[in-house]
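In what follows, one protein chain appears twice in different forms, each by itself as structure tokens: structure 1 and structure 2.
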Structure 1
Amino acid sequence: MRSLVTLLLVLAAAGALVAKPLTVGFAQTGAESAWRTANTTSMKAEAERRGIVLKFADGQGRQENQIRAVHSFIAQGVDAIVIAPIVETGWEPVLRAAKQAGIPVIITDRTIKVSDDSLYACFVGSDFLQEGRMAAEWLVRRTGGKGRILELQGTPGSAPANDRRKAFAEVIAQHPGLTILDSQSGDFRRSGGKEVMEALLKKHGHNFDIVYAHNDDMALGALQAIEEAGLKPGKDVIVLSIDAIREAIQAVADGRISCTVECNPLFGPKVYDLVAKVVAGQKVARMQYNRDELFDSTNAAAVLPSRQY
């Protein structure tokens, strides 16, 4: 009888362990754009759907806030940590702390630079270099390789700003008729895009042909400044950007933005699939890129009815 009771207790404990939901800590960058809001919504909604306990921290655009949140997740003993890093560098100490605690880390959206790749399990997100190339190649086709460009950069030091700028510039450099006149940061914010565009208009007047924004929110802010200056986007100025949020695709369909390259924010399902695997000790591919598309006048209107973000 004693053996039977012991067995039943062991089975009950095992059942409790199996039933215990995963607890995941997610250090988000902030809420700087519509893309980011969609990304957060996807992560929260998918966690709820799967019964995952999500510890969410809004970095409010500051890396030190994210690092503090990750230390808190470690102290709470979460099963896994997900980080959408604001900038590429400065992560090694906190990642080492997570590794010592035996907590796997998944990096999403933006890549990081570390001396030891074993500090995180994998990266899932978009190929920012490819996005920059896609935007530049479309511009070359559209303009025949001629035009004066004003660039609105994202957050300084962030992977998307670095890569979208680098890849775009590399393609443009192959076409001497295309020139980047000026490049300033709007910090991925709509208000920043408007403010920077106003400053660039004061500096350059109407002596430019193209605005390349590292994300849609800055492009939409820039549209306001361009129109207030008496210029007509799509006619007087070509505006191209990256993210392909619904509002930007609508602007493409309306002829105000000429092109937007997709950067899909709906990471939730893919991230939690990976969390389940790494927590179980399974091997996963180190770099996992989403497939992104380009939208211009040829296809924007057709995708609007089914657009989720």
Structure 2
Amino acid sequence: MRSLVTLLLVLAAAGALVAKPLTVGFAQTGAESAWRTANTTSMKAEAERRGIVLKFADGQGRQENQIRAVHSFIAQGVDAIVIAPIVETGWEPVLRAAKQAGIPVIITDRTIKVSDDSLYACFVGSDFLQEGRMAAEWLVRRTGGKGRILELQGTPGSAPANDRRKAFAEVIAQHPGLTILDSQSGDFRRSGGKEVMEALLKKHGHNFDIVYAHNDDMALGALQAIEEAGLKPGKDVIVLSIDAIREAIQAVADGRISCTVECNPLFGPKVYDLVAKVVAGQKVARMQYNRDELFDSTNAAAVLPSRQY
């Protein structure tokens, strides 16, 4: 009889151990783009696959919502917190509260500025500077360092627009044959890319060789304007962009866009790998950049069937 009770107790304890899944709170920025939705889907699907309980909070584009969500995660006693910060600053108080509660925090997608490095465990995301650099270096290889560039910037002041612009310009500056004729903002929108490209086509006529867009949406809009003006992208104009959404890779395969640098939103698996390590008390590297690839005519067609976003 007593052995039966012991057995039941042991089973119950083992059951409790198995049944106690990891609980993770994720404070997302919002649902402002298809890229973001793909990112959210990756985080949710991977959590389900691994049996992790994901508490998801949509910040709706506002930091105060995100901070409130993180406070609620702390109150619920989650095992780890993941934040995709909307802005860089203002995170110290809530991160300190998480630290006091002994809950590790992982920052994704965009970096933050804090005075105390121990406030979060690590960062996972894309290196926007590296993306701009890769695009510029590809351009140098392709053109031999000669050409006139029109740049379509993202939203002024946003981290991806700033970094993609800065790193690109740094590489271009080393090649005197490459000049940036004009740089205007299409606000990361397809309609913006088209409108600005139409205007630049009137201003510069056919006197340019390259269009560098800070994201695929603007590049796809610009393609329409270029084609409507009677130019042939790929032949008369080299178009390069960043993000590598499926539609852009299709355009690369069709020869309309010459190159697109990936900015991969599917980092759910990587985030949960790190969560598992951090919760287990292991040390992890502080900055974990995604390995972003570059797609041009050599490899676009091959990746197209497996592209998820």
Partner chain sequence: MSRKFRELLRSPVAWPLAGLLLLVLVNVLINPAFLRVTLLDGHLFGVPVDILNEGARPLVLALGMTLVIATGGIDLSVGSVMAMAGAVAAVLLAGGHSLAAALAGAVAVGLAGGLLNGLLVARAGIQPIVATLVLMVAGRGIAQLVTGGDVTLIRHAGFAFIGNGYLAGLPFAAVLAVVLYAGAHLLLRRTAAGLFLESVGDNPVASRFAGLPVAGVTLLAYLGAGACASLAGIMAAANIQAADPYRMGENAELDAIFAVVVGGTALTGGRFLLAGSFVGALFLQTLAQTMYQLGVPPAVAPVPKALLILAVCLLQSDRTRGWLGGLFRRSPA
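Throughout, residue numbering runs from 1 along the sequence of structure 1. Keep in mind the model is a prediction, meaning the values are calculated, not measured.
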query	finding
Index of the chain form predicted alone, chosen from the pair	1
CA superposition split between structures 1 and 2, residue 261 and residue 175 in same rigid part	yes
Size of the rotation between structures 1 and 2 [smaller rigid part against larger, C-alpha superposition, degrees]	22
